[in-house]
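Next up: a single chain in structure tokens, the form predicted alone.
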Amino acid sequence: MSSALQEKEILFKSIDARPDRIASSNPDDFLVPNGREEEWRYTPLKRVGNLHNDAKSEQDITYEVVAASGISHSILSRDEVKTKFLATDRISSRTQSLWNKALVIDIPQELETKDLTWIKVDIKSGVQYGHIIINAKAHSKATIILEHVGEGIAGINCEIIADVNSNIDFITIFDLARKGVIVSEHQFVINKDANIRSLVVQLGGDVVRYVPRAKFSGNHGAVELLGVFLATNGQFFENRVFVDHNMKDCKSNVLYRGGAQGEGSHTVWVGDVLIRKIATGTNTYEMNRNLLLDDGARADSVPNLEIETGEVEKAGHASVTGRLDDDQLFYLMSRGIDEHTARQLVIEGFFSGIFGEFTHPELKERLNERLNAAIERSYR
């Protein structure tokens, strides 16, 4: 057994009857969930292909990489990979113990590029596990897109390490076939004066459970965790965000916007920000907005904020869930726009604020194309 499987970290100790939150690569450190646990109470465990219990890997994941000039990539075996990744739930820990090969992306020191690096993850039929590492060296700047497609069942972990004064845009797209299932935990590590801006886009698949976790390894770091999700026709999308402020004078901004349409469509957003006693000067805010497009859809939103020091610059959280605005539809339709197009324009407008944060024309075009395709699918 590798040394990684023997590591265990207590993220924070609980002060009530709940167990301590831990991080570990050993699945035995986590009980097999039954759906009554707080972290699993929303997840439809019967639809995750037994990833939480004993599902074995049936093949390796296929990675296709189109890298910007100067950025290298390689597929490495477990023995060749140095990883400090520790999972925070049973499925992620099983993933960490079962993957065979990892995709490693290296962004050299002081490399700055406006070209996109596109990673396509093909999840074929059957069960598979994978691991991805993004290493951004000091004073580098790049945009990485991680796109998931396919119809299989997968657990995939990813670690993104931003060294001193690096600046990384990291976009994750889940656009699987209708029966696809994926559970993915991402660990963001932000060093001194580094900045990571992450966007997750969830549009396709049967079940998508995404767990982004950010922590700092130096003072004055910054992280933005942005998200867009649109569940239709019975899809289930879950996001569980955890930002661990464990250094001084760091910033975090969490903003997720989601929509749900169709009987049985269900979205879940759980935001959790911890400001430790040492993390003086913290500036943080988290917000989730949800749009319910009809009566059959459901959205759960749970913001959490735990503060252990009184010396914070700013800390807040909010959540808003509402229905499609009939006045907006009436306004558009009164000007000759049919109802179908009017609804599409309102939905596009709801998400455009987040897409507008990214100025690369090719990226914005592709994201809008994917969103429009998902909106069209919702009417079939």
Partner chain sequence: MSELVIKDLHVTVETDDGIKEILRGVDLTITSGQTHAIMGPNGSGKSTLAYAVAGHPKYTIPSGSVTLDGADVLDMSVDERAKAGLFLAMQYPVEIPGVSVSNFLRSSLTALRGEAPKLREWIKEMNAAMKEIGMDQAFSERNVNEGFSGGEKKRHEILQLELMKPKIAILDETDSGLDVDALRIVSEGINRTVERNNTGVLLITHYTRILRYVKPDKVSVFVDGRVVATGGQELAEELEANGYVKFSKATAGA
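Residue numbers count along the first chain shown, from 1. Everything numeric here is computed off the predicted structure, so don't read it as measured data.
The form predicted in complex with the partner chain exists for this protein as well; it is not shown, and the discussion that follows is about that form.
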### Message
I'd like to know if S57 sits close to the partner chain in the predicted bound form, meaning any non-hydrogen atom pair within 4.5 angstroms.
### Response
no
### Message
I'd like to check something about D338: if you look in the predicted bound form, is any of its heavy atoms closer than or equal to 4.5 Å to a heavy atom of the partner chain?
### Response
yes
### Message
Since only the chain is shown here, I'm wondering whether L332 would be in contact with the partner chain in the predicted bound form (any heavy atom pair within 4.5 Å).
### Response
yes
### is_contact(N26, the partner chain) in the predicted bound form, heavy atom dist at most 4.5 Å
no
### Task
Consider the chain as shown here, without its partner, and state which of L45, L345, A315, A67 has a heavy atom within 4.5 Å of the partner chain in the predicted bound form.
L345
## Note on the structure
Picking from N53, N34, S352, T62, the single residue whose non-hydrogen atoms come within 4.5 angstroms of the partner chain in the predicted bound form is S352
### Query
With the partner removed from view, which of 322-330, 307-315, 45-53, 26-34 is the stretch that lies within 4.5 Å of the partner chain in the predicted bound form, judged by heavy atom distances?
322-330
